[in-house]
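One chain comes next, on its own, written as structure tokens: the form predicted on its own.
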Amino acid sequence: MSVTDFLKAKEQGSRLSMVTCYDYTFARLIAGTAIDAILVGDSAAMVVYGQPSTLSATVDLMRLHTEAVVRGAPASFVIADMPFLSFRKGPHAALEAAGVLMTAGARAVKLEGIDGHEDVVKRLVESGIPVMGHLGMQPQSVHSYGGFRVQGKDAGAAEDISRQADLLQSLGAFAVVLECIPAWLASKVTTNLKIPTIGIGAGNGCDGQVLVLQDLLGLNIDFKPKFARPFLDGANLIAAALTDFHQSVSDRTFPAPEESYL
């Protein structure tokens, strides 16, 4: 998979699949599937470290997770999130941050929004760094929204998202994530763009879909957003395995003789 493959998929009407991943073990499993791309999301701050938002993610934290994922899936198309404010301090600082993530093995970076850092996107693209945009509900702006809320519901907000999508495309972004916006708006943006859209909570009209791996596997027992369909009952399966392990230890059936060294 490459940037040009994203554009070809759009042209051919092929749907793109993307999942977030933060570690080596899961990356190895993903690498053995047909998943098109892996996103090393700044959502690691919440999913891995239990933070209430993505704001605590740093460039160095993203570097460590990106390196781990790339080691597990060296042939996969890995995109790394640029964390909070890393691209809002001007082109030079943004290039430094993106350089760290690309050196860690990422093949592209993703950044949220566009207004106020148009020059950054332009400079990154001109420097040979593929940029994926992210519009709609932007987790790094959670405090501005007053929480994690659906965006683009009224006419003015919808038009603004459409405008930003067009601007991202004109500045050279190769794709854009649309998060938590009405399905009709996502379909409209998708139709108007030549670059692919990747939806999350944005209906079925996008060119592709992304889910957090832990949501996809049904591992988050206390966080079940409407759009995050679990494709596995992971939490209960793991709990059952742990219970079996505990019971096997308790009744001395583990380890068995064949699992022991003589």
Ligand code: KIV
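Treat the numbers as computed from the prediction; the structure is a model and nothing was measured. When you see a residue number, it is the position in the sequence shown, counting from 1.
Below: the form predicted together with this ligand, not depicted.
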**Request:** Could you tell me which one of Ala57, Val210, Val69, Cys206 places a heavy atom within 4.5 Å of this ligand in the model of the complex?
**Result:** Val210
**Request:** Name the stretch, out of 216-224, 33-41, 233-241, 189-197, where some heavy atom lies within 4.5 Å of this ligand in the model of the complex.
**Result:** 33-41
**Message:** Can you work out whether Val100 and this ligand are in contact in the model of the complex, taking contact to mean some heavy atom pair no more than 4.5 Å apart?
**Reply:** no
**Item:** Contact label in the model of the complex: Val177 to this ligand, heavy atom within 4.5 Å
**Value:** yes
**Complete:** Within 105-133, the residues having any heavy atom within 4.5 Å of this ligand in the model of the complex are Lys110
